[in-house]
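Quick heads-up: it's one chain on its own, the form predicted on its own, in structure tokens.
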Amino acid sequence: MSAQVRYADVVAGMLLPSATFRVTREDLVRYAGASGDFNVIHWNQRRAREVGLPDVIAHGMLTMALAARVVTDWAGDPAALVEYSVRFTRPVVVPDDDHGALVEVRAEVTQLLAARRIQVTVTATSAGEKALGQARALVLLG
């Protein structure tokens, strides 16, 4: 975790350090165990295709959490993230190989608000497609 960012050091338009996360089928199994979400579309290729998906997909909440890490790592304190919302726009398709899928995350400070709060807009893509839409974080800084 980095040093905690101060509100006085932040300006609108500031880019947070971007990150790329690799998601494999093994990660999906681990996330299912941790979250209790064992929906077959996250581990069974045949069933995923039966419901119209191209292949097994990552859990939406896993994708959302990876994107939030960019914000919390930058802020230096996970508790600084006081509000977070996204729309799931495209699934992260995870092939059955050793490489998995990449989730690329970028974030930008879009607004400085009262009481040391800032709004951050987050962009998460996978295979060139936007995985999360309208992703916004409200961050409380020191």
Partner chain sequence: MVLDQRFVGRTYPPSAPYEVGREKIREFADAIGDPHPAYRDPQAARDLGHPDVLAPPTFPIVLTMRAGQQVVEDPELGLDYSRVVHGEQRFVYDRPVRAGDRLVAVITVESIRAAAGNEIITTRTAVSTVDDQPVVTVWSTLVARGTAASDGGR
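The structure displayed is predicted, hence computed values, not measured ones. Residue numbers count along the first chain shown, from 1.
Missing here is the form predicted together with the partner chain; even so, the following discussion is about that form.
In the predicted complex, the partner chain stays beyond 4.5 Å of every heavy atom belonging to residue 43. Using a 4.5 angstroms threshold between heavy atoms, residue 100 stays clear of the partner chain in the predicted complex. Within 4.5 Å of any heavy atom of the partner chain in the predicted complex lies no heavy atom of residue 108. Taking the partner from elsewhere, residue 113 is found to have every heavy atom lying beyond 4.5 Å of the partner chain in the predicted complex. Residues are counted as partner-facing when one of their heavy atoms sits within 4.5 Å of the partner chain in the predicted complex; in 74-104 these are 76, 77, 78, 79, 81, 82, 83, 84, 85, 86, 87, 88, 89, 90, 91, in sequence order.
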